[in-house]
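Only one chain is shown below, in structure tokens, and it's the form predicted alone.
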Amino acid sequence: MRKFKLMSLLLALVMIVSSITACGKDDGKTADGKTKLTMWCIATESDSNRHAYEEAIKEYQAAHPDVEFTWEATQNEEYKTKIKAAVASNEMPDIFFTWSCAFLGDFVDAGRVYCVDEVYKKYASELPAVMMGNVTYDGKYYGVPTTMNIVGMFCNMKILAEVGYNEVPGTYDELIECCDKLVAAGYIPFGCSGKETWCVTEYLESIIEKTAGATALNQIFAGKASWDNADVSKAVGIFQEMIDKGYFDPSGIALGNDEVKANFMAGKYAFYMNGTWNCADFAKSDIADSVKVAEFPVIDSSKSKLGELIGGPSDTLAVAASSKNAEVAAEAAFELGKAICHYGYLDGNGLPAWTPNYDTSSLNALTVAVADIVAKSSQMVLFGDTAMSADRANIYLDYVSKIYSSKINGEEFVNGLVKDIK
């Protein structure tokens, strides 16, 4: 009898534990049967794309009352660490922002990303296959592009006029002459965040590209050519000479990008080189009537030319392979990607990866100017920390930070990368 009671008690406990486990298990549904979707991105309150994300999400939620959609945004540099840790532990949101090429490729290689081939077919007429190139791995699609951007050289023409320039300097010699005049007049030519190394690459990569050429830099980033390149070393020397001559705000080494950008809009710098997603903020700022955008001028015309740009389609939404609602998440990623592109383009946060089928007459002049620069381009080099795998990119960024702080020179930069990037 005691055995029977004991067995009954154990069976009851097993049933209770099983019931608790079943109730506590996340099946991707809410208590009232809604599908749960989560998304991570970098559209923080201060990010230029915040409005585009808010409007896109609002549209998606209105169209899908059967989905409980939650999202959170993290600042750029912190996000890179956060998403890589989530991928490593396989504790990812359903949808996540990512950069394309090797950055996303690492996650695909790890088996963490859902293939969106089937869902893409529904949107292929609106999202050209050429825009899917940077999210294609082994012939399959793993992401949804939103906008594309290049590095632009933004110029405060009011300040340039103070030293005799009515147009943006068109050659490298003219730019150097202009910077010398600015320094002599008490102005700081450039602002750059040293706290966020990707901002330093916006300058360095432009200088390397206009010294060594786009083809050479593309091959280096792709691992098809060595960093042991005299032109790369020369370009680093040019960049550091600009720093030594007082062309850069010395306090920038400790500033974040938001602070540097605010300084430019406050009229502290004549030039600011960064992604063209900034067009929206500049067009709405107090210096809107004074800002023009151009590409960095050619340094060595025997190897480079105007129209070779840093940038391309990179901003992407992807879906976690571990998502309990992966197919629904994939549909959502395309709907959101299309809407983010729509609002982001009209806001001036980049050029569209999706074909615009709406009125674009309200575009600001800076975005129109960027579109003209891109239309005349002959070749692009995707941002280095995106084009390279995560491990190689981290090594590269570490050496870039040492350049900006003058801890190493061009030769040491090249030799270090040759040694550390296998």
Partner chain sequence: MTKLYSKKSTIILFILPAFILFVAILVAPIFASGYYSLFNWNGFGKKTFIGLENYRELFTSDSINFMKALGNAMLLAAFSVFIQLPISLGLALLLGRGGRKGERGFLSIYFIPVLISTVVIGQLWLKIYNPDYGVLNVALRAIGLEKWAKIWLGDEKTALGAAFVPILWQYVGYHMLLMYAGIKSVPPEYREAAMIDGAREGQVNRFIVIPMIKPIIKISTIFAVTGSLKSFDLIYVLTNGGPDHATEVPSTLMISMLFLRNRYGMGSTIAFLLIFLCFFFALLIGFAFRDKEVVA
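Residue numbers count along the first chain shown, from 1. In this text, all values refer to a predicted model and were calculated from it rather than measured experimentally.
There is also a form predicted in complex with its partner chain; it is not shown, and the following applies to it.
For the options 296, 247, 142, 107, the one in contact with its partner chain in the model of the complex, meaning a heavy atom within 4.5 Å, is 107. Out of the listed residues 394, 61, 378, 360, 394 is the one that sits within 4.5 Å of its partner chain in the model of the complex by at least one heavy atom. The closest non-hydrogen atom of residue 411 lies beyond 4.5 Å of its partner chain in the model of the complex. Contact annotation for residue 373: none of its heavy atoms lies within 4.5 Å of its partner chain in the model of the complex. When contacts are judged by a 4.5 Å heavy atom cut-off, residue 57 does not count as touching its partner chain in the model of the complex. Using a 4.5 angstroms threshold between heavy atoms, residue 390 counts as touching its partner chain in the model of the complex. Only one segment in the set 82 to 90, 179 to 187, 150 to 158, 232 to 240 has any non-hydrogen atom within 4.5 angstroms of its partner chain in the model of the complex, and it is 82 to 90. The putative spot formed by 255, 259 and 419 is fully lined by its partner chain in the model of the complex; each residue has a non-hydrogen atom within 4.5 angstroms of it. Contact annotation for 375 to 412: residues with any non-hydrogen atom within 4.5 angstroms of its partner chain in the model of the complex are 390, 391, 394, 395, 398, 401, 402, 405, 407, listed in sequence order.
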